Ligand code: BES
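As a starting point, one isolated chain is supplied in structure tokens, in the form predicted on its own.
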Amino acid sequence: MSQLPNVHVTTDAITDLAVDVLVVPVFRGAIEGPGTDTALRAVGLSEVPRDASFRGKPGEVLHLAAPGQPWGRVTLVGLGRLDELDTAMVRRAAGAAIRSLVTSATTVATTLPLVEASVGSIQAAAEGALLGAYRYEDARGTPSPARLTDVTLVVPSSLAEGAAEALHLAELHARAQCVARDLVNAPPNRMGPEEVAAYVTELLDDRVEVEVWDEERLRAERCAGLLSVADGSARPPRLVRLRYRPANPVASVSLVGKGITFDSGGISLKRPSTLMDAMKGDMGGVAAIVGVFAALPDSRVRVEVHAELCLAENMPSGSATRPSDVVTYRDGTTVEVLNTDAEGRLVLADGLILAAESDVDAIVDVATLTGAVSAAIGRHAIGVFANDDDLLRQLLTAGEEAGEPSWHLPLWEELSEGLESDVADLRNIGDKEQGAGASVGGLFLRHFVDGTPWAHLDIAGASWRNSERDHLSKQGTGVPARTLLCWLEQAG
């Protein structure tokens, strides 16, 4: 993982801080945030500069020279409308500011935690700073390390006592998200199913229980989905089973992740091929869960957490699964594969069956499952489906706390008709005339949970970006690692 800066807090006056850059907030309408007036006067300005590229919108930045001051520069960062301020805006602003400075400054201080003056604001600012500093450099012959080493958050003295816990949570959550980013961003020739399984084993071994099923074990256990999807690839599938067992757990849950390390679409080849490079990100569900497990041993989560990581590469070849093939799962369900590019649900079915057999209190699967979810709610949000209202509310609340937008989408029963097969129990795609592809995918998955309280997070839009923004990096975003951690922390 890329080197992230150290984050500290201080209650000192900003005029006493000797740093390369001081970051201060500005709201829409040139409304100055805490410390902004002092910073502007120090550089000889009586008001926020009028600049066409800086209006105080969320994430906008403007750099000002500060000769003769304890800070080499002043950076103004936009927070949007004052009456819409929340911790998510603080996180976004911190991420945008740090991202703009990570290669040009060594030490940075910011007054962003003062704008809301809460422990939550301290955590959000720290998370934003850490996530904004992230850069993937592992595949470069000569990595260009970031200069930034230290970020200081100016906090009110009344909150100094609670700041340590806020920083602990921020670092835990941000590093979990960055672990997920690293896995998604890694070139697919370096991170096939076997390599991901080895990486997870090395990362988590001795901290949580890790068990890896190879192709022979998968055949013995009748994990038909993984074997079917991997049939066209020279790289064999893997199932990685994880267990985190705290003392005296209050509940047990299972996280099931889709981990297609590269998705060509199989025989049903993707179109257009010019967009296929993003398909290294089709293992975003597994990546987020690995990030969560990297954080669990240092967390205060009191829930026993299981995971089923379903890893395969989906490629076309003479041995690949054909449209109209039928696969038989360990629970006896038969599925007609009508589209080999709807492969995520095939591998998740294996994981969901195993999770249901584990007799946990709840199952949550995480998957880059459908393009349809982006058409429904855009690329910035997570689609949430559930068969249990309490679990649904918990996850939506966790997403709001994490600043990872999520939206409830329906599982209408009439859409199940589109999954009826002429030759098998189910088909793996719905009726095109019905549409609602994201809901149909959820209905397919629901079949395999055996009535266990369950939720499905479709992250196909939110887990990948074509450009960086605020605290979110280009390519893998690491969403929804922080939502899952917030949910587990609340539950325990």
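Owing to the predicted nature of the structure, the values given are computational and were not obtained by experimental measurement. So that there is no doubt, residue numbering starts at 1 and follows the sequence shown.
Beyond the structure shown, there is the form predicted together with this ligand, which is absent from this document and is the topic of what follows.
The contact with this ligand in the predicted complex, taken as any heavy atom within 4.5 Å, belongs to A460 out of A39, A460, A455, L445. Only one of the listed residues (L369, L131, L311, V229) places a non-hydrogen atom within 4.5 angstroms of this ligand in the predicted complex, and that residue is L369. Among heavy atoms of K258, some come within 4.5 Å of this ligand in the predicted complex. Though the partner is left out of this view, L203 does not reach within 4.5 Å of this ligand in the predicted complex, counting heavy atoms only.
Taking the partner from elsewhere, D282 is found to have a heavy atom lying within 4.5 Å of this ligand in the predicted complex. When this ligand is considered in the predicted complex, R92 lies well away from it, no heavy atom lying within 4.5 Å. Exactly one of the stretches 194-202, 298-306, 339-347, 416-424 approaches this ligand in the predicted complex with heavy atoms within 4.5 Å, and it is 339-347. For the partner-free chain shown, K258, D263, K270 of 236-273 come within 4.5 angstroms of this ligand in the predicted complex, judged by any non-hydrogen atom.
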